[in-house]
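The same protein chain appears twice below, in two forms, each given on its own as structure tokens and labelled structure 1 and structure 2.
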Structure 1
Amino acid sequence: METLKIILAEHPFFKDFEAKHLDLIAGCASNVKFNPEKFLFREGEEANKFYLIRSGKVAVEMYGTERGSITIQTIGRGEILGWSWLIPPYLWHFDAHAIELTRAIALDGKCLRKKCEKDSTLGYKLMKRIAYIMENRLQATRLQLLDMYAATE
């Protein structure tokens, strides 16, 4: 667990988190690995994790009936993947699959939600950081859609 705490403390997402919060978060963390083409999650599935990508790349995709899978964003080393674990009804809104061997820290969303309910300071800090990721993901989706529709005109 100490190793996971150190990894979390060194990650920019958790910069300035207090040691006691890093202890709580590390208690919800585990190492995971995804081979190429392995899905981390699919749209509509229950969202109970988020990931700190340590190596490799993950494609975040949405499905268009006429175009099939459309890559919205590619997530790589040092980035965060997933915010649906924090917002009811806790369902994934995109698909995500490894496009190369990917190693990550998986954070259990149910575990974190319980800890955030007990410690509002931790919950507020996580919500602010996740909101920033959501904004970036929505902007990427917007740009992808503008590009896609501009190409068809």
Structure 2
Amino acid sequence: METLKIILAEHPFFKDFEAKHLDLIAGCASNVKFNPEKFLFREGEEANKFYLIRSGKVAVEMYGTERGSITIQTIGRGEILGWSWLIPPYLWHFDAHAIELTRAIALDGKCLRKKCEKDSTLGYKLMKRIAYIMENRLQATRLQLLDMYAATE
């Protein structure tokens, strides 16, 4: 538990997070590892994990029968993956699979939600950080949509 707390504190997402809050969160945490090609989760499954990637690379993908699996984004060291555990109906909207050997801290979604309900200060602080990440991700995605390298006549 102590080691997990240290690992959490070192992850960029939890930089400068209050110790007492890290204690609460560590209670929902576990150390996980994914070998290359292993799926972290699939579209439609219950979304119950919040991943803090420590090393490796994960591809966020969508599968379509005509085109097969298409990677929309890759997530790596120091980044976070998944917030569908926070938003009802708590289902994954994409597939995620490890491209390289990936080590992460997995935080249990139900556990986190319960703790946030109980301690709203913790909840608010967690929300603020997730909102920040979401905003960055959305911005980057919008830039991808712009297709700015496309040749225009």
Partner chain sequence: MQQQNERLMFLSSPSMIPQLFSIQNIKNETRDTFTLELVSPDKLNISFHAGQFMMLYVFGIGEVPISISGNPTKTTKLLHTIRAVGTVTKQLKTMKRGDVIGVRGPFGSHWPVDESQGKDILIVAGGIGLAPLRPALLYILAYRQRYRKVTLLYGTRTADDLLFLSEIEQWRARLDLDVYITVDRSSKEWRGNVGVVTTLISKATFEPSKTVAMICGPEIMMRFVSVELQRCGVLVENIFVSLERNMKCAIGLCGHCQYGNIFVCKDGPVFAFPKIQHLFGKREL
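By rigid core we mean the largest C-alpha set that fits within 1.5 Å across both forms. Structure 1 provides the reference sequence; residues are numbered from 1 along it. Nothing here was measured: the structure is a model prediction, and the numbers come from that model.
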- Note on the structure: Same chain, two copies; the copy that is the form predicted alone is structure 1
- Message: Please determine whether the C-alpha atom of Phe39 is displaced by 2 Å or more between structure 1 and structure 2 following superposition on the rigid core.
- Response: no
- Query: Once the two forms are fit on the core, has Tyr63 moved its CA by at least 2 Å between structure 1 and structure 2?
  - Reply: yes
- Query: Does Ile133 count as moved between structure 1 and structure 2, where moved means a C-alpha shift of 2 angstroms or more after fitting the rigid core?
  - Reply: yes
